[in-house]
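We begin with a single chain expressed as structure tokens, specifically the form predicted on its own.
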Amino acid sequence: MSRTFDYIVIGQGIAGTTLSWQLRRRGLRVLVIDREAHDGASQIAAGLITPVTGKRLAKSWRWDELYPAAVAFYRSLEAETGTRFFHERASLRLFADDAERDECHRRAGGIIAGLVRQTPPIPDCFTALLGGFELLSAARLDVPRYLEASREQFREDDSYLTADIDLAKDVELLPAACGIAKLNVQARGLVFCRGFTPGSDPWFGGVRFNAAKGEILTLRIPGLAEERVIHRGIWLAPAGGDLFRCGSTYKWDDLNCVPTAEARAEIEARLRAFLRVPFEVIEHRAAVRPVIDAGYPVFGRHPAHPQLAYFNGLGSKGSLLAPFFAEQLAACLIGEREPEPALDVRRFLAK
């Protein structure tokens, strides 16, 4: 006999993991399936959460509702799993030019008031001739540790399988359910949280991506005692001890997970522009961010097959977006609400 669940979630990146937790919290039995290929965007995500973004220093989209939801969610999961992976700490942004500094001074009393602190202390190991400012209420999710702690809990609950699913061949649609015969499992609903997978989905393949390849470095920087994330064109984030992660590049062609010498040289040059101490590169990785044309997450049920649902497009801000929108999708799946019209996957399939 087949094992039966309420929902099957395919993909254990940030989207799939967070949705699985939100469904479980509603008392639903969830099976998570992941291919464990270690080349997805979540595997190398920096997990940075900042209240102000871009050269124009804009307040992050829907910050006032997204950030409290993220803090509450990750803190509760840390307590449940006994693992620390969410770090709330101000980050430091160094001015790259006069225009950026002037923009900060102009906007600090307006919409970003209370989110930044001007003229913070800057260690001598950084070149900051123009100064900088601190981003308050910033945070960093240790994404690999979050995913690992979640996976261990799912396994312990017999709610996790490692498998590579061919959607066209392996997924069987039933009148009010769906199944995966080769795994001998069924559920009343199946949710695709598979990141950037163009041309491999017979139901949601019409959703158009504007995906971007990103590359990051893992560095050893002996003696650098800095716990804040540093931003200046790129970011430098602590990873424990004398290890740091640094990135990232954005490329919209050659969408693969192969690291390039060009990207490494770009990151190193940008880093040397503000870091005065030597560093050693110990790892170089690449992945493709699942950015959808909307620029925002997209989710909801398939219009013709309501037993199938979709959650994707979190992009580079997935750590901030996932808790809030996973909760919204979970509410949609149990009939408590409809997706926001601008984010409803049916809108993108109709184009």
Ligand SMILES: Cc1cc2nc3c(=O)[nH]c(=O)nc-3n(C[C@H](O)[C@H](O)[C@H](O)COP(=O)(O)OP(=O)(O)OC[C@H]3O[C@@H](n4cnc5c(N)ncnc54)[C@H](O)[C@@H]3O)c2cc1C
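Heads up: residue numbers just count along the shown sequence, starting at 1. The structure presented is a predicted model; accordingly, all values stated were derived computationally and were not measured.
Although not depicted, the form predicted in complex with this ligand is the subject of the following passage.
Residues with any non-hydrogen atom within 4.5 angstroms of this ligand in the predicted bound form fall in just one of 275 to 283, 189 to 197, 75 to 83, 119 to 127: 189 to 197. Interface residue remark: D164 is counted as part of the site for this ligand in the predicted bound form, having a heavy atom within 4.5 Å. Although the partner is absent here, G40 sits close enough that one of its heavy atoms falls within 4.5 Å of this ligand in the predicted bound form.
When contacts are judged by a 4.5 Å heavy atom cut-off, L320 counts as touching this ligand in the predicted bound form. G315 belongs to the set of residues with a heavy atom inside 4.5 Å of this ligand in the predicted bound form.
Scanning L28, I292, A70, V288 against this ligand in the predicted bound form with a 4.5 Å heavy atom cut-off leaves one residue, V288. Within 4.5 angstroms of this ligand in the predicted bound form, the stretch 47 to 61 places a non-hydrogen atom from each of G47, L48, taken in sequence order.
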